[in-house]
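Shown next as structure tokens: one chain only, the form predicted on its own.
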């Protein structure tokens, strides 16, 4: 198996640490650079003792121009805050090496959406069409030749996997869709904030980003892609007092009478060949996906109220971020898609 020299920019954050963990067990990814400007000079093992056995001597470095070429990097993963990847992508994207952005900077295809949802103009909109959306379950063939990958948002992956088969089959309406989703605190990132301290989160469950969460247009973009025309979603995220995981509960109106068994049959057919999708007959749980690249989905049809309910659960740091990024990179690098990844969760 070929070996690829890997650099992780922004490796000191939670998604970067998860990338380091996955890469440690990946036979083809050789991490030679881990940057973290706020942690420059700190050993990876000191910030994340869980990684000490895999990286006893690796130290976080500051990012400087020219490092990708100097170190001969084949793959660059970017685990940076939204809005900060663009100048680095402009530098390292040469059409040969693979660049995988875990932020939002290349997810939306319409550049006019960035000022509305992210508060700033896109500085290199010419690359938006070139970036391939990193969800193999929807864009596998495009990923095979990708050199720039936009990794999906964690909430977006969950909602998309729950609703995409039903919209693709035309059995639910494209408007009036409601997505209620709850995420673990790691989704807020490693730096402490008033809203993610222990005292703020413990014994608390809270909605946020009501009516204007920035993942809304990304969810609509994905679902419009599978439905064939415009999909409208009301998305409400919640912060749950757990470390990892996302559970999305999605509500849609059926286009015609449909049973629970029929809805699940549509899901099973859509995901029959997907190595990381489990269609269940029981409500999905975040704990079942912990530490894995799996997403568990199911659906119910309520004839009494006339709603179809689709649910999905995943680990927001693995399938919802770093695992999904590696899965997409495997496709682009010509590796088996499952390389270095597991569909089996940790329990208890």
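Positions refer to the first chain, counted from 1. This one's a predicted model, so the numbers in the text were calculated from it and none came from an experiment.
Beyond the structure shown, there is the form predicted in complex with a further copy of the same chain, which is absent from this document and is the topic of what follows.
Though a further copy of the same chain is absent from this view, in the model of the complex it lies within 4.5 Å of a heavy atom of just one residue from 243, 255, 221, 123, which is 243. Among heavy atoms of residue 63, none comes within 4.5 Å of a further copy of the same chain in the model of the complex.
Of the heavy atoms in residue 118, none are within 4.5 Å of a further copy of the same chain in the model of the complex. Put simply, residue 210 is close to a further copy of the same chain in the model of the complex: some heavy atom of it is within 4.5 Å. Shown alone here, residue 132 lies farther than 4.5 Å from a further copy of the same chain in the model of the complex, counting heavy atoms only. Segments offered: 26-34, 319-327, 64-72, 293-301. Contacting a further copy of the same chain in the model of the complex at heavy atom distances within 4.5 Å is 293-301. For a residue to qualify, one of its non-hydrogen atoms must sit within 4.5 Å of a further copy of the same chain in the model of the complex; none of 84, 225 and 332 qualifies. Contact residues in stretch 323-348 (any heavy atom within 4.5 Å of a further copy of the same chain, taken in the model of the complex) are 343, 344, 345, 346, 347, 348.
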